[in-house]
Ligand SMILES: CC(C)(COP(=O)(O)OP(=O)(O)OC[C@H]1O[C@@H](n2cnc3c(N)ncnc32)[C@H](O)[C@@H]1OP(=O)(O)O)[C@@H](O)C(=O)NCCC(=O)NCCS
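Below you'll find only one chain, the form predicted alone, shown as structure tokens.
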Amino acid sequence: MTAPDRFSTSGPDWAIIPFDAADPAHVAAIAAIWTGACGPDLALAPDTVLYHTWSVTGAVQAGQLAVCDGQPVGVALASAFPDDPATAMPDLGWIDAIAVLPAHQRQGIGSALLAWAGDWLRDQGCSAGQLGGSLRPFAPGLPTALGTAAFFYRRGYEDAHHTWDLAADLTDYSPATGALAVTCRPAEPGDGDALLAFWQREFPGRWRFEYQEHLREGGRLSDYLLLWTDRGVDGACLLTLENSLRPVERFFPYGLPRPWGQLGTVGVSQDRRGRGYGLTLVDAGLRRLRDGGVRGCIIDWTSLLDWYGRFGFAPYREYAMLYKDLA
């Protein structure tokens, strides 16, 4: 951490200053505040915070740090995506992160940061705000284990539904029964256009955007596993390894044995669903992770607990999806 005077405050009490994503001290402050507020199970390193605050094509993001006696004690980050309705609703904004160190809670800091985030989202034209779940989310929603939902309820947020991260140890993973005899293999040079055509045809919104952003940022094409039929690419899923561009730590796998890995998103052509293609694709992805040495595996942000349970996955972390009408 750099010297305290890197953060200016107006007096002996806390004050709020803009977050500067280009300042390593600010990035380190977010990591320390988030980890201090959320605990080791949800710890963030500065490198992971950098990933979450990289510029996303078409998105706008801003943040505020709360400082007390020159030290950062709270943070709020918010983002919006105003000009690409094919990817995300322009009137929905996200509160990417909000956290206050325990010793500085119940002093109005969290309320002030949350109010700033709502005002900023309104300024971007957003009529609704969501806690988490942005195009580069710190988390899909509010981790229920934190027990902080009442804070948001009192400030007008409503619980729409819940979602889960699932986890399994792949050491003894056995191939799923019912897999089809079709080709599933990592994407190779030359497959990029065929994969883009699949996303544009079947999932032209967020998943298509995330694929294009993955390549724009320099991600490996081979992190995508493709399912091929006689008509070409009919399914794809993204795998995250410990050496992938997007950090696997963003899925908070700390309670699982290493090496870590992650599977998802998973998409299959609409007219192929319910016929075993999705099962075949997921099974191929899990076998690829297992054969690459992965033990602790996350399938994130899903409500399909029973479906993924057939592969040995169980609930690992639960999130509440909280929304507020900002109009």
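All residue numbers are counted from 1 along the displayed sequence. Because the structure is predicted, anything quoted here is derived from the model rather than measured.
Missing here is the form predicted in complex with this ligand; even so, the following discussion is about that form.
- Shown without its partner, this chain lists H162, H214, R155, R136 as candidates; in the predicted bound form, only R155 has a non-hydrogen atom within 4.5 angstroms of this ligand.
- Checked against this ligand in the predicted bound form, the residues P186, P82, P247, G108 give one hit for a heavy atom within 4.5 Å, which is G108.
- Considering this ligand in the predicted bound form, the lone stretch of 146-154, 117-125, 163-171, 236-244 in range is 146-154 [heavy atom distance within 4.5 Å].
- Annotation: in the predicted bound form, residues W34, L131 and L142 each come within 4.5 Å of this ligand through at least one heavy atom.
- This ligand is not shown here, but in the predicted bound form it comes within 4.5 Å of a heavy atom of V100.
- Contact between H104 and this ligand in the predicted bound form is found at the 4.5 Å heavy atom cutoff.
- At a distance threshold of 4.5 angstroms between non-hydrogen atoms, C38 is in contact with this ligand in the predicted bound form.
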